[in-house]
Every structure is written in C-alpha cells, then in structure tokens.
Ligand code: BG6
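Given next, in structure tokens, is a single chain: the form predicted on its own.
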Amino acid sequence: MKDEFPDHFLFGGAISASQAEGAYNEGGKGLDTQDLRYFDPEWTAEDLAKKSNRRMSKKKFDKALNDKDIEHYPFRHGIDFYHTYHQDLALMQELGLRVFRTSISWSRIFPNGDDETPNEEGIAFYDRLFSECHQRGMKVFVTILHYNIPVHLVLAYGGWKSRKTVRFFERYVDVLFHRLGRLVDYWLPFNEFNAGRFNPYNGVCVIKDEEKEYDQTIFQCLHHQFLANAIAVKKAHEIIPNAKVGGMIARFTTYPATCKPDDVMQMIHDDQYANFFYTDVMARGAYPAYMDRYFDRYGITVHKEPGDDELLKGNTVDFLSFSYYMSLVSTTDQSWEKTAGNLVMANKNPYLESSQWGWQIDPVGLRITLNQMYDRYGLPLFVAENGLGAKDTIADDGGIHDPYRIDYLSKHIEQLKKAIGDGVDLFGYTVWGIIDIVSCGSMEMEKRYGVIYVDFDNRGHGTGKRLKKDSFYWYQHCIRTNGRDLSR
C-alpha cells in the first residue's frame, strides 16, 4: 500500500462558533457559557498560568452575567465571523478547502435552551452559511455543541447535572436535523468529549466552588452527555437516513517515561482514563470494565435510569475523530518535569521540541494515534483539529512569514500519509483555526493558528482585515496536489 492520500481526501479547516462569530447579542442569540469567560488583555503569560483562567468560579460567573463589557470577554466579539463569513468563505474557497468544520451556537437556535420554539433568525443564519459553503465547493462538518450551552440552562437546571438538559438537547438536535440536515455532510454531537473531565467548565459547565463532590458531579454530567450523544445518533439516522454522525475526543497520545513496568502500567491506565473511556462508550456502546477500578478508587457512582444502557448500546457512532496537538509522558515519578498542553499540564518528553506555549510537537505521535484508534475500533477516522498556535507578525514587506507553521503542518500531514499506508481508514483532516480566532485555552487573539491572519489584538481592537500568510499558499499547494507535494 502506498503512502498517499486517496482521491477526494477531505483536506479542510476548522473553527468554532464561540471563538469566531462574535455578535453575542445579535440575531436573537441568548447568552452562553463561553460569553462569561473573563480575560484581561494586560495579563502576562505568567499571570495566565497563575490564574488558571480556564476554571470558572461562582464569583466570576455572577459578575459576568450582568457585565455588558466586550473587551474583557473575547468570545463576545470573536473575529466577527457572523458578519464577515462571505469574505472568509471566499478566502477558504481560494485556499481550496474541501470541507469546512464549524459549530452551531445552541443559544442562537434556542436562546434560553428550554424555549418551546426555535429562533428563526438563528436557523436562517446557519442555512445561509452552510448553503454558501456548498456553493463554494466545500462540504460541511458541523459540531452541534462546542462547549457553549445557553446560560439559562445552568441557572435554571444546573446544566448537564440535570437529565432535563438531555431532553432540551434532544429538542435542539431535532430542529437541526429537520431544518439544516440537507446542508450538513458530517455531524459531531460533542467537541472533545473528554474535556468534561479535564476542563469541566468548558466541557460540562460545572463551577468547582459550587460542588461538594466535584468528581462525582463531573462523571454524572458526562453520563448525561453520553445519553445525549446516543440520542443525536439515533435521531440523525431516523430523520436523515444517510447521515454520518461521529464521536470526538481531545487525544492525549501517551508514552511510558521508561521501560520500568510501573511506568508502562501507568501509561495504560492514563490512556484508558483520559482517552479510551470516552471512545469506548461512543463506539462500543458500553462503559468499559476498567472504569470500575477508577470509580471505586474515587468513590464515584454514576446514576443510570432504566433504558440508559440499551440506548448507548443501540446507537454507536459511524466514525471517530479527535484533536491532536501534542503527546505526553506517563510515569509514577512525581518529580518529573511538567509542561503545558491542550486542556492539561503534561509530563515533558525530553526528545521533543515545544511550541511558544510549551506544547510539545510530535508529528509521529499522530501516526501512532491513528494506528491505535483504527486497530481498536475499526471505524473510519477523521482528524478534526491539528495546528500550531504562534505569535505571527506582519513583516515590513506586508507579508506574514510563518515557516514554523508550514514546518509543523507538513510534518503532521506526512504522518497522515504514512498512517494511510499502514492501512488506516482516514477520510479527512481539518487544520484548527484555519483563520485566526480567539484561542479557547488562553483566550488570547495573539495566539494564532490560522493560515489567514485577522487584524485584531487581545482587546479585540484592529481593522479586522484578513491577510494571507505564507502558510496559506503552502496549504493551497498541498491541497491542489492532494498532499503529494509537501515541500517547504
């Protein structure tokens, strides 16, 4: 088997609604949980590390509810994609994207989450957006929930702590499938499912200082999300018979720090608890036996109701996807050096280089991940996120020269080809932040992922002008040659 991409391989790009759209109080949209995340543009990198800003407190949540400020709440302004999507999609068409991944904001469709009828203005926006994608030759890959749920669901019901939220989610997806199903090629009910464990406010909208039994609450929320995921699969297959519905995690590819048996066993447990638990439930339809040990160790009891297990078993996903940015090291040595990473702090691998934000760069780990997941599940795979966050600047000649991003993407795409040569059924790859957006983790605009530059700073100030980086032309050529020419 040759190391090359099949014809019509889905090279694409990805964003999320909360990080891009802005217009947080326009078009009938309600307030959502990402709109409440506070950021001070004056914070240094050291300040961000100390403040653990991904965590939400009751004090910050309550203050944000009535705060009309936009500058300190970056997800309220994003990159104004809500108004600029025509020009942005035109650039993506020029780039040659074959698929565009974005998310739908639940609070644009149901402003409060429990509304009896949907907001027609919100449906019309996504109808226009997805229709234009197809007109420009791009398939549409939709994430139904990319962290942000309507704030009212948290205030009135406790968010994912309540099974009522599962019912409201069912109403939400029913509307999406009936009204937008003809325009969507691939559906993903939840972004990075395991974020609920590693970033609980984003993943399951839990505020730590409100919970007496934090871990218990998180896993009960996750159970409700598993049910919601299965319901989405079931309804999609009923309403849109040819629909393809996937599952997704943030993939934490894990190596033992040494060949010491204890480190190898720790790696196996870390892989199970951080990765495979979530994909096992979505793809195999049942809680895996190894979680009994974990739940017993932490005193967790997941409450199930009659019919839950049958729902999960009967509605497994059609494909699996994941975000991949880095790999980690597993060890029983508590003194091992740490480094930053996607959703988590990680044990540092001395054999790898790191990005400006401390995320370790490991292209081969992507091939390893693809082989592991395909061997385990035998399902088609899609790389839903991969990219490099960096500080890009406009040079004196007016260009944005980002050879570091070209190097990163080319090395990772090369590993995709090798995985395909290994026999992996891989059908698509979307560069994360194909256009610069507000970073989810650090909330900075200046941590840029895109091959398209957006002239906004961390305050949301700037012209908003879009500029093509050198990586734009490189990725354009990569797609045009179907990944055959990755020269830098």
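Here the structure is a predicted model, which means the values were calculated and not measured. Just count from 1 along the sequence shown to find any residue number.
Missing here is the form predicted in complex with the ligand; even so, the following discussion is about that form.
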With the partner omitted here, the residue among Arg405, Arg108, Arg76, His146 that in the model of the complex has a heavy atom within 4.5 Å of the ligand is His146
Pick the stretch from 184 to 192, 213 to 221, 279 to 287, 226 to 234 whose residues have a heavy atom within 4.5 Å of the ligand in the model of the complex.
184 to 192
Distance check, Tyr449 to the ligand in the model of the complex, heavy atom within 4.5 Å
yes
Asp392: heavy atom within 4.5 Å of the ligand in the model of the complex?
no
Can you tell me whether Phe322 touches the ligand? I mean in the model of the complex, with a 4.5 angstroms heavy atom cut-off.
no
Consider Tyr377 of the chain shown here, and say whether it contacts the ligand in the model of the complex, taking contact as heavy atoms within 4.5 Å.
no
Neighbours of the ligand in the model of the complex among 18 to 36 [non-hydrogen atom within 4.5 angstroms]:
Gln19
